[in-house]
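First, one chain by itself in structure tokens, the form predicted alone.
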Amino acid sequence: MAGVKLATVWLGGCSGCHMSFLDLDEWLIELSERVELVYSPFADVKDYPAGVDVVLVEGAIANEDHLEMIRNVRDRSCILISFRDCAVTGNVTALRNPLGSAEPVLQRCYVEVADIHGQIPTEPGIVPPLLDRVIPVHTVVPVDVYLPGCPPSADRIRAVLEPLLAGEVPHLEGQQIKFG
């Protein structure tokens, strides 16, 4: 694939996967010659574009904005990669699920540990409405490739991207993937 439109999306997660992406080091130069980065936390792009060839989606679905975003991403992307354990399983982001609903989380964050005048924000647009349960990406939209890890190593990220750029289906197996 030449001139591949690549996007990365950050939902409910810690950005560790995007940091691992940057760990691709010198290969990022080669990658930049083969792809056009059309959407990412690394770029100042406000709206997710149409016609994305490959997207790496980091994080779980934790709020209403994430639901809207992942549906939009799926509709506008050819290959969706569930990027890291939060996107694949919910992982750390889903640790709030045993609490049963979003209310205890909001109560703790905005009332119980507030310095002064604790209250849960109710004004629209301040805090996206939380879902009662954090869910992995594949429970909302179809996923084409699963890339587990917390975070996945740069080698595993490359092992997924390189075949895709060559028009091939990536094949991940085992703990270690090496090049050369």
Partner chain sequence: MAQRIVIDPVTRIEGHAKITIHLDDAGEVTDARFHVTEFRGFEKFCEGRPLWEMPGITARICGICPVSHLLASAKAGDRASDGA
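Positions refer to the first chain, counted from 1. All values reported here derive from a predicted model rather than from experimental measurement.
Note that the form predicted in complex with its partner chain isn't included here; everything after this is about it.
Undergrad: Identify which of S77, T93, S82, T89 has a heavy atom within 4.5 Å of its partner chain in the predicted bound form; exactly one of them does.
TA: Of the listed residues, the single hit is T93.
Undergrad: So which of 26 to 34, 140 to 148, 49 to 57, 63 to 71 is the stretch with heavy atoms within 4.5 Å of its partner chain in the predicted bound form?
TA: Every other range fails; the passing one is 63 to 71.
Undergrad: For A114, is any heavy atom within 4.5 Å of its partner chain in the predicted bound form, or not?
TA: A114: no contact with its partner chain in the predicted bound form.
Undergrad: Using heavy atoms and a 4.5 Å limit, would one call A154 a contact residue for its partner chain in the predicted bound form?
TA: It does not: once its partner chain is placed as it appears in the predicted bound form, A154 has no heavy atom within 4.5 Å of it.
Undergrad: Is it the case that V169, even though its partner is missing from this view, gets within 4.5 Å of its partner chain in the predicted bound form, heavy atoms only?
TA: No.
Undergrad: Contact with its partner chain in the predicted bound form for V38, defined as at least one heavy atom pair within 4.5 Å: yes or no?
TA: Flag for V38 set to no.
Undergrad: Taking heavy atoms and a 4.5 Å limit, what residues of 87 to 110 are near its partner chain in the predicted bound form?
TA: Residues within 4.5 Å: V92, T93, L95, R96, L99, P104, V105, L106, R108, C109, Y110.
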